[in-house]
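Coming up is one lone chain in structure tokens, specifically the form predicted on its own.
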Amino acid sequence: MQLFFNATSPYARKARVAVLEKGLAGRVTFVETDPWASPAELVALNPLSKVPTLVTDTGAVVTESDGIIQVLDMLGGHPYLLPPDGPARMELLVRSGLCQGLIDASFIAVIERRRPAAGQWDDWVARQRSAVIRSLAHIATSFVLSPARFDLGDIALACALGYLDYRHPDLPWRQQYPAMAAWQDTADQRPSMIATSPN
């Protein structure tokens, strides 16, 4: 299998962490690429020219991080990153969905600031930052964070918070939510997180 990624992409980081957590590193070749350059090799597989993109052993091309992680979970065996069904799966989808939105808002704010100054939409950036701040408050009060668990929801949160540290160092989330910061510090020590750090 091949996984196309960019080292600073939080979306691709989710998939890379999942590969390592599932013990599939020996079956997956990581292919670093710049999706913004629309490289021919990536576009031929994924017309969206986005990472992550997974090519399975059968030649199937899977896009979007959550879809890729579901495929990896089917291929790998223990540890399972998603419960098969029932209330546990619903609870996981609640967590992973909000954390995916947290990544989206953080990423959009960064991309908007890369436009020429005259074309930037300050209100749009402010809206994304507000979404980030509200999401962090909700996670801090509503999510049960356990260092003993590292499923899809936890991977999404760890990659989201890692992206905030990397791209939004001015956001004082660690000072505001010390328990979440302590959870992130523990997550950051996992070999999968160390190997995929953008720093």
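Residues carry their position along the shown sequence, with the first being 1. Quick caveat: nothing in here was measured; it's all calculated off a predicted structure.
Absent from the display: the form predicted in complex with a small molecule. The rest refers to it.
Engineer: Report yes if any heavy atom of Gln100 sits within 4.5 Å of a heavy atom of the small molecule in the predicted bound form; otherwise report no.
Structural biologist: Residue-level check for Gln100: yes, a contact with the small molecule.
Engineer: Using the partner position in the predicted bound form, report whether Ser49 sits within 4.5 Å of the small molecule, counting heavy atoms only.
Structural biologist: Yes, Ser49 sits close enough to the small molecule in the predicted bound form that at least one of its heavy atoms falls within 4.5 Å.
Engineer: May I ask you to check whether Glu64 falls inside a 4.5 Å heavy atom distance of the small molecule in the predicted bound form?
Structural biologist: Because a heavy atom of Glu64 falls inside 4.5 Å of the small molecule in the predicted bound form, the answer is yes.
Engineer: Against the small molecule in the predicted bound form, would Pro35 count as a contact residue? Criterion: heavy atoms within 4.5 Å.
Structural biologist: Although the small molecule is absent here, Pro35 would touch it in the predicted bound form, with heavy atoms inside 4.5 Å.
Engineer: In terms of non-hydrogen atoms within 4.5 angstroms, which of the given stretches 87 to 95, 70 to 78, 121 to 129, 100 to 108 touches the small molecule in the predicted bound form?
Structural biologist: Of the options, only 100 to 108 has residues within 4.5 Å of the partner.
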